[in-house]
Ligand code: AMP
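Listed next as structure tokens is one chain, alone, in the form predicted alone.
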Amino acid sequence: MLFRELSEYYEKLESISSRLSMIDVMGELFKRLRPNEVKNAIYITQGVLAPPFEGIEFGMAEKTVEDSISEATGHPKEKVESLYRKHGDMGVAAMELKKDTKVRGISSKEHTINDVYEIMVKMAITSGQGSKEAKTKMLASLIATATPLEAKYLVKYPLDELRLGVGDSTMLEALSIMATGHRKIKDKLERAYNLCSDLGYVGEVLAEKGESAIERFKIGLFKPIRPALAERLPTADEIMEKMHGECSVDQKYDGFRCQVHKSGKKVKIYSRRLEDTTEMYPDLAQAVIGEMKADSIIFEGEALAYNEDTREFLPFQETIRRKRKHGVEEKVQEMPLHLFAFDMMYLDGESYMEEPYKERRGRLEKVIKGGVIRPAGSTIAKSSKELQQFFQESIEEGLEGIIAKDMNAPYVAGARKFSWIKMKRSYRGELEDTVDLVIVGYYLGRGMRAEFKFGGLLGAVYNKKRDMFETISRIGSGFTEAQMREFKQTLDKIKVDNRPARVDSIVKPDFWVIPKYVVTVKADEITKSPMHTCGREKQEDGSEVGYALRFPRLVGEETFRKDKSVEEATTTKEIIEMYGQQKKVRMEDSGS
């Protein structure tokens, strides 16, 4: 397929306000692709060159792109900058300048999807002296031979500004339509995606080998598994009721969740978002080689700073100082990490995904020699009293709480199930636990905030069943001046004129944005509200009411949650459960 044709599909997607229509358009696109084009088309649509764990990023500065547009169209750079300021969209500026190009006699060569993708990869990996000029020329060459519409998306792609709003679930349903004409194999495709975290690879396997290959899909080394997630309950009694009277209970550590892959002396450590963080933790990688009695293994653990002399776990604010790309060796000496291993998915050529937790945990403990890596603290609880006692002991050690685990459950990749249930010290009657919200819009600053041109956020939670983001709150407090400037600068780049197709909202912000960033918020409580769409249901009187946060405020040192994708934000289901827990505790407190 020509990139020109792909651009026409993208133009359609930008104008769509219905998720179902978006699935149909993507399904039609995939049907027209050759098998060897599907993977690259998926990556381009996602706005990436590869899945996060491969670490291939564009690194294209706006100034470099401006130089490319200027060189390709013959217009001065000042004209490019002027149009960019006018539209707030470099792609639109490139399209306008291509319509009025000053450069003549350019070859009319048309580029395919694969041509464009390969050139973009070459641009990304070009480094060293003269790399800026080389990148400028490569992009300028593409723009020069492109149509105005192609130029728009050739520019937006490396700037990570495609703004198509096509989520993973939408893509999976479209792939199902490509292969079968309907959406019925979406669950099979999602399972494969959960096992490899590479949507492009899943699409490639489906296109080249068919549905049967997806059904046989297995985990593999150095393709990280999407992590299992825990549900939450506030009391030991409720947890034991869900676990039917007996469970394994792990201590919950406040550190970096790590998924470790080892084959011989090769080790990769992936973050919660499945990014390759091996270079940040050379001490942990070396410990995996020396302390794990396995030729090949995939296991999970929590890394955090630990004082051996005082046997004290350091707070997350200390541990997070280890997350850096520069000055790593100095921090290794200053603040060595320990890795507390809690689950295992693969060992010496065999998958343990379907094995019960007690078997996975038992085998894991046998392959750990001890030292930097050690098993997470754990016990077997046969009563609420035993679970509560272990919870209190964990809190006294400075930990977050506990995670109760069904001893007979398999490892459920990429899903939040009651086979894992967390109880944290912050769970009390009020909403003391934080929630992670997706930014879907923002407001202009007024009064004292007018100088920042930023007044607050419109936050949403993720409804996995609908694959939609449902609003739950306006967030207007908790910002520092630096954060307000960062929000304005960052969100300006992804604002759109109309409500994105995957956003369900009654409230209208000053500016809509593509769901891309997650923030952590604390609130006094969850209330019912006719203003927001989170869990919105029709009442007996015919009105429709959803859930909202009361007095929400931004918390945390970082402006954005960089370790969570928008699909990993707090869900509608979790909010409804938290509301029920909050209501129940209040009734108990009042003696009702």
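One-based numbering along the sequence shown. Since the structure is predicted, the reported quantities are computational estimates derived from the model, not experimental observations.
Omitted here: the form predicted together with ligand AMP. The next part is about that form.
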Stretch from 174 to 182, 75 to 83, 402 to 410, 234 to 242 whose residues place a heavy atom within 4.5 Å of ligand AMP in the model of the complex:
402 to 410
Note: exactly one of K516, K268, K424, K186 sits with a heavy atom within 4.5 Å of ligand AMP in the model of the complex, namely K424
Contact residue in the model of the complex, chosen from R485, K495, R416, K331 - any heavy atom within 4.5 Å of ligand AMP
R416
Is E302 a contact residue for ligand AMP in the model of the complex, using a 4.5 Å heavy atom cut-off?
yes
Is it the case that Q251, even though its partner is missing from this view, gets within 4.5 Å of ligand AMP in the model of the complex, heavy atoms only?
yes
In the model of the complex, does R272 come within 4.5 Å of ligand AMP, counting heavy atoms only?
yes
Does F342 make contact with ligand AMP in the model of the complex, using a 4.5 Å heavy atom cut-off?
yes
For this chain shown on its own, do R257, A376 and W420 all sit within 4.5 Å of ligand AMP in the model of the complex, going by heavy atoms?
yes
